[in-house]
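The chain that follows stands alone, in the form predicted on its own, written as structure tokens.
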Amino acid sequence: MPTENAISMAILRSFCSKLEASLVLDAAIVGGGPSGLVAARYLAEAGLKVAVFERKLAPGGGTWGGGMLFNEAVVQQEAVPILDEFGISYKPADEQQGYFTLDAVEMASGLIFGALKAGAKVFNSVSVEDIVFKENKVNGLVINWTPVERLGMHVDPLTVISSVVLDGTGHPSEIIALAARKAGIKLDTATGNVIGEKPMWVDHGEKQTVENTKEYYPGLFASGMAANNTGGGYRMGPVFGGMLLSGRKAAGLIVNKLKEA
């Protein structure tokens, strides 16, 4: 076999094997931002079969750009143990006691590497265009290539069946909004719908990101800013500790749910 064909065959076989093994999952995470990647690592370490589906070419969400493209990020003391577990370095912030700064590029790459090394699979350039919904429960995802979605090509998707789905899509909370709209479900919020994110208030936003991380409908969880938008929490700005803590909490909730099943 010519070397060129052998290389192509190696890529094709390896990817197809990875995708085939991820068509039935314990947990499907939509969005490879900080909360989704943290959740993926802890879920994989708990022995669950988990995959992350990221629309963009590079996972990491809004982590890469830090604050306004100054590629430094901030976390608070409570999230430091998570950084330690991922091997991500940090230093105290001179301006505010109890807060730490870290290189945003190291943080993004460290979270991706940590999730993968724990056993989670990450599929980039894959968009989720619908959910699988059966017997009043979210049962999985409908996926397609992001270029297909963006070009508006009429190409049928594939399905991923999963015991639970975690919405980590950030501010729009796309999967929960889609589920509420198409399935007509009532979410576990004060209004039964996506409440929407409030303006920035850092102290409250950090706490509410974690507080709003929960199961909003059977089989459908939210973490990070998706949870805050769904539950109506305040925005927190370029502080990432709440999202890390949210991902860890989401993983714990999912593990407990699947143990009870």
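Remember, it's a predicted structure, so these values are computed and weren't measured experimentally. In case it trips you up, residue 1 is the first one in the sequence shown, and so on.
Another form exists, predicted together with a small molecule; not displayed. Remarks below refer to it.
S.K.: Can you pick out, from Lys137, Lys117, His171, Arg181, the residue that has a heavy atom within 4.5 Å of the small molecule in the predicted bound form?
M.R.: Spelling it out, the residue with a heavy atom inside the cut-off is His171.
S.K.: Could you tell me which one of Lys207, Lys49, Arg55, Lys214 places a heavy atom within 4.5 Å of the small molecule in the predicted bound form?
M.R.: None of the others qualify; the residue that does is Arg55.
S.K.: Looking at the small molecule in the predicted bound form, do all three of Val164, Thr230 and Gly252 come within 4.5 Å of it through at least one heavy atom?
M.R.: Per the other structure, none of Val164, Thr230 and Gly252 touch the small molecule.
S.K.: Wondering, does Ala27 line up within 4.5 Å of the small molecule in the predicted bound form on heavy atoms?
M.R.: Looking in the predicted bound form, residue contacts with the small molecule do not include Ala27, since no heavy atom lies within 4.5 Å.
S.K.: Against the small molecule in the predicted bound form, would Ala44 count as a contact residue? Criterion: heavy atoms within 4.5 Å.
M.R.: Close contact is absent here: in the predicted bound form, Ala44 is far from the small molecule, nothing within 4.5 Å, heavy atoms only.
S.K.: I'd like to check something about Leu19: if you look in the predicted bound form, is any of its heavy atoms closer than or equal to 4.5 Å to a heavy atom of the small molecule?
M.R.: Heavy-atom contact with the small molecule at 4.5 Å: absent for Leu19.
S.K.: Given that the small molecule is not shown alongside this chain, does Val126 nevertheless sit within 4.5 Å of it in the predicted bound form, heavy atom to heavy atom?
M.R.: Yes, Val126 lies within 4.5 Å of the small molecule in the predicted bound form.
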